[in-house]
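So this first bit is one chain, no partners, the form predicted alone, shown in structure tokens.
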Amino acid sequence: MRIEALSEYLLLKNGILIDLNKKEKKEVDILIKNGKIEKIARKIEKKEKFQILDVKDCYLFSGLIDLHTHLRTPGREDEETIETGTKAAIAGGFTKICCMPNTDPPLDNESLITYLIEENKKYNYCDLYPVACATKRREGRELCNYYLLKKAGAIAISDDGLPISSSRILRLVLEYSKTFNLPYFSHCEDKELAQGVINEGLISYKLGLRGIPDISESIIAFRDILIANYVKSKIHLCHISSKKTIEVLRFLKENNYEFTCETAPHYFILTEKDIQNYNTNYKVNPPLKKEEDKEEIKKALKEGLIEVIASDHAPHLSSEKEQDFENAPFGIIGLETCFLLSYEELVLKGSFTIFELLEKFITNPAKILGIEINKIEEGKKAEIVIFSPKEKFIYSENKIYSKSKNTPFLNKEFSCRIKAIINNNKIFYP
């Protein structure tokens, strides 16, 4: 990736500004001075001191927000570091990412939250929002000190990867987190049921692999929403993957229960049929499901039941993923492909507009976190994604900026690409 400091004046010529407020596209030039947007107009006269970047036919929109990233720091810097993870985020158009707490040691104290934020300042590629543990050591027994965690910079709480099995403890977590306006990110998985490696059904039987029933997700989603609404606390459900869960969520929404939820691109693009060659890069948690589940996820996205698309970026070493299917770890990297996959599947196939898609990546994540979107307006900091909707792009290994390479989309040819990203007085060319 080429990274350059912004010159005093940078003029973006002939771009297409995506205005999310008015739901319209505008052909504009944008003049950036010292990292701030100086002027937006149909035609801005070129001057000798201007650096010119022709972005003809490219969409210009604010930086994307990822609610679900695993940076593996501290503890597994062999898989990912702050530098490589945030570089991968920028390559995918993300200027703000939430890093999850299932690290080693877990993010259950303020010193680790402070460490991550300070470490990120060394690179300053994108903004980092740590999600802290809900319970100490993610053991589901003793609550963390949410006051100190929020003061240090935590944006939400979660025991991601481990559901809180005790309903009593979960109630305490939700009551305490409400005091500090910290949303609870729920990992919807009944661990006693989820003792397998792929979705339970005909394909798991055929392949001789232990199955995970889809109700392991639905049961915890239902319970967690009921408890959160009982104590009137904010809850966000992570990586929703099944039709059955969607049916539960639709019923709860119709009965005025409050919650938000996300899914990831692999749940509306891939299915369990992709696993039939035992490729461990299709092993994710929750597992890939049937075609009908995939279609129901897309339907729930369209109707707004699922508000957010997140990457669930989960780096692993090649040596770990090269194990047999039973022993290989769950997870794939996703920061660099998340938006491209979503654009191809949802916009290019005609079910979404670009405005509807960007709501899932910008507007709704910002609302959930309670942060402001850095809009493309005069006087604002320049935080701009330059996206080419028609330029082909091959996701080859040398275009992977994550430290890990575990993706089922390696060497996929995309019909769109992120051309450049402007953020924090830098311009990035992936």
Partner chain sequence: MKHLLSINDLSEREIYKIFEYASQFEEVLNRPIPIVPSLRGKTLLTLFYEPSTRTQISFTLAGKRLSCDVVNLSFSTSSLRKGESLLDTVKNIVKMKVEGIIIRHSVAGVPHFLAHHLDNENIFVINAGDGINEHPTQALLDAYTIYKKFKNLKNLKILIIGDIKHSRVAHSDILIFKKLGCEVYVSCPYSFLPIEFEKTDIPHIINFREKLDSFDCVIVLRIQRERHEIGYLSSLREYHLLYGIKKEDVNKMKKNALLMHPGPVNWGVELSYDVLEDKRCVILDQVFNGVAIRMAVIFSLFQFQGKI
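What you see is a predicted model, and the numbers here were worked out from it, not measured in a lab. Numbering follows the first chain given and starts at 1.
Beyond what is shown, the protein has a form predicted together with the partner chain; the following relates to that form.
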Honest question, do H239, V308 and K367 all end up within 4.5 Å of the partner chain in the predicted complex by heavy atom distance? no
Can you check 170 to 178, 344 to 352, 157 to 165, 211 to 219 and let me know which stretch has heavy atoms within 4.5 Å of the partner chain in the predicted complex? 170 to 178
Under a 4.5 Å heavy atom criterion, is Y146 part of the interface with the partner chain in the predicted complex? yes
I'd like to know whether D127 contacts the partner chain in the predicted complex, with contact meaning heavy atoms within 4.5 angstroms. no
Does F251 make contact with the partner chain in the predicted complex, using a 4.5 Å heavy atom cut-off? no
Is there a heavy atom of Y278 no more than 4.5 Å from a heavy atom of the partner chain in the predicted complex? no
Checking E110, E320, D293, D190 against the partner chain in the predicted complex, the residue with a non-hydrogen atom inside 4.5 angstroms turns out to be E110
Which residues within 230 to 252 place at least one heavy atom within 4.5 Å of the partner chain in the predicted complex? Y230, V231, K232
